[in-house]
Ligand code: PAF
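Here we start with a single chain on its own, the form predicted on its own, put down as structure tokens.
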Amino acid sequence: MNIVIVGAGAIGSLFGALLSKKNTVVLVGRAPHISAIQHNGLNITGKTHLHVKLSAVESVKDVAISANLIILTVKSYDTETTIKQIVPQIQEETAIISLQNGLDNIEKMEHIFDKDRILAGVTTHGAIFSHPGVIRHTGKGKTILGAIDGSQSKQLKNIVHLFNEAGIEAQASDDIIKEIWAKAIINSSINPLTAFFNCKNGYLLENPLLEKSVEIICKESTCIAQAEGVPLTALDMIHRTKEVINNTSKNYSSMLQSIQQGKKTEIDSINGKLITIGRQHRIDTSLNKILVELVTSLTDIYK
């Protein structure tokens, strides 16, 4: 299959490397990472050891293959710009997967593409950017894929098989929106705290005050999800969040990495979006507001 991965950061590069073993893959990302891949190939270290030679370009315009599958792994704040750029690459049978953080990516995609073309996914794999051309796979996880309308199409089943064949443990969901919400709740409870306290994920359960903070943020974020009709419970989400923290205890969250690199964070598409939805349902969003303010103050400092 011809696969284009737009947003070749840590996760995009990791999945691209794995998928390239049996497929034609093109990575679209930024220099100097792309330049390093062009000259020396892509190296994956850590939980996976892999060196692959694959096509890498800095612009969607430079993609030379006809894509059967486009995977979006760009930051949520780049989604709108990116989907406009990929429109010329879309063929009749092209599927598009959003494999991103945040609650507003699908909404943005639906303005451009038909719903039946859009797939979405969440993953618990951990990866960090070591240096140009090198990605460290910090934790193996599961990937869940699904159609927006919950249908189990042949196309979805083929893509799930494709991922599993590449060594990316994947399964199909008939309620991917619920999975996106669950991931957002987990991210809302982990990422801002680790970003503000400049700590690895595991420290959130080592510090009693931070562990309690994780629990009450989970409850608030889950309450917002429930108001939207998403069938999740606070107890289950607290359990799932702590499970993720334990499984990624030595990882630095993507939000902390963005802060450390002086880059924009995805706080607006995670906690910020939760605030917006919560207001619509007249739900208290005090904790999420505090987190947005804390992370925003950090990004101002690091500018």
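Heads up: residue numbers just count along the shown sequence, starting at 1. The model shown is predicted, which means the values in this text are computed figures rather than measured ones.
One more form of this protein, predicted in complex with this ligand, exists but is not displayed; see below.
Remark: all three candidate residues (Asn191, Val244 and Ser253) come within 4.5 Å of this ligand in the predicted complex, counting heavy atoms only. Site annotation in the predicted complex: the residue of Thr248, Ser258, Asn43, Asn68 reaching within 4.5 Å of this ligand with a heavy atom is Thr248. For the candidate set Thr143, Ser173, Asn201, Gln89, a heavy atom within 4.5 Å of this ligand in the predicted complex is found for exactly one residue, namely Asn201. For this ligand in the predicted complex, the listed stretch (144-152, 214-222, 159-167, 123-131) containing residues with heavy atoms inside 4.5 Å is 123-131. Within 4.5 Å of any heavy atom of this ligand in the predicted complex lies no heavy atom of Asn105.
Although the partner is absent here, Lys183 sits close enough that one of its heavy atoms falls within 4.5 Å of this ligand in the predicted complex. In the predicted complex, this ligand stays beyond 4.5 Å of every heavy atom belonging to Thr82. With a 4.5 Å cutoff on heavy atoms, Asn187 counts as touching this ligand in the predicted complex.
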